[in-house]
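One chain follows as structure tokens, the form predicted alone.
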């Protein structure tokens, strides 16, 4: 049973997460405590939590893109918090890494999703995240043994599109994106379609536009959960532009942006790329604090007050 932590709730963050942490603290009425992290000359981490945290509840904000640079400090901070008397510690990870390797595709491959889940489950009491990449897992509970809350970013994407794009038609770049497209479009009764793929071989894939009759004057909005390489969205953009549609707007939950992905999207003809602030990027214009705060309140017992 979750106990109420209303009286002694604190929130801290790894470096780079300060804006979201301040917004969450304001929404929750929590005090922000400083988590100092720096590196010794040999590259090892120095971690310090400032203030008296005995008998408190602590929410640690750390988005986990490029995770290998962050994991040691994250686990050190969690152990430190426990060691100095924090009663219950949670992780707010707007982007949750290591969900891709969810089966052994080749003999001898590491199932990193399960290993990472064990690490976090040992160090934290609860987890709040946004739209994790649940492909072969039905829920986080399959691999995580801590309490968890999954926040859906769709309402924030819906609001942004409705307010910022004139006459949008929401389009998914592939079949896997259909769940995101439907969840974003239907609350405001926006028209939506999904592009289909035909696979002719391992590296030979053809994309086909859906029937867009009557929507020729609308602005295409390509919606997906993650932008990493940008290849699928770039190809969808080229199809739409070649068919005479306006330059698409791309809206995604997590903007990971691999090498040259921005250049690829720009050359394909994308007019604008916008993501949530689950990952820190120049394109992160859609805030998540109002969606994340209620989940954190439930995990900490603040919603009982």
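Residue numbers count along the first chain shown, from 1. A quick note: this is a predicted structure, and the numbers were derived from the prediction, not measured.
Just so it is clear, the following notes concern the form predicted together with a further copy of the same chain, a form of the same protein that is not shown.
Quiz item: Taking 44, 118 and 123 as the candidate spot, are all three within 4.5 angstroms of a further copy of the same chain in the predicted complex by heavy atoms?
Solution: Verified in the predicted complex; spot residues all in contact, yes.
Quiz item: If you check in the predicted complex, is residue 174 within 4.5 Å of a further copy of the same chain, heavy atoms only?
Solution: Residue 174: no contact with a further copy of the same chain in the predicted complex.
Self-check item: Non-hydrogen atom contact residue 80 with a further copy of the same chain in the predicted complex at 4.5 angstroms
Solution: Yes - in the predicted complex, heavy atoms of residue 80 and a further copy of the same chain come within 4.5 Å of each other.
Exercise. Indicate whether residue 48 is a 4.5 Å heavy atom neighbour of a further copy of the same chain in the predicted complex.
Key: Yes, contact at 4.5 Å.
Quiz item: Should residue 188 be counted as a contact of a further copy of the same chain in the predicted complex, where contact means heavy atoms within 4.5 Å?
Solution: It does not: once a further copy of the same chain is placed as it appears in the predicted complex, residue 188 has no heavy atom within 4.5 Å of it.
Practice problem: Choose from 147-155, 190-198, 162-170, 91-99 the stretch whose residues reach within 4.5 Å of a further copy of the same chain in the predicted complex, heavy atoms counted. | Solution: This holds for exactly one stretch, 91-99.
Quiz prompt | Contact residue in the predicted complex, chosen from 84, 207, 215, 134 - any heavy atom within 4.5 Å of a further copy of the same chain | solution = Contact with a further copy of the same chain in the predicted complex is made by 84 alone.
Quiz item: Though a further copy of the same chain is not shown, can you say which of 26, 55, 263, 68 has a heavy atom within 4.5 Å of it in the predicted complex?
Solution: The residue in contact is 68.
Quiz prompt | Residues within stretch 218-244 having a non-hydrogen atom within 4.5 Å of a further copy of the same chain in the predicted complex | solution = Residues within 4.5 Å: 228, 229.
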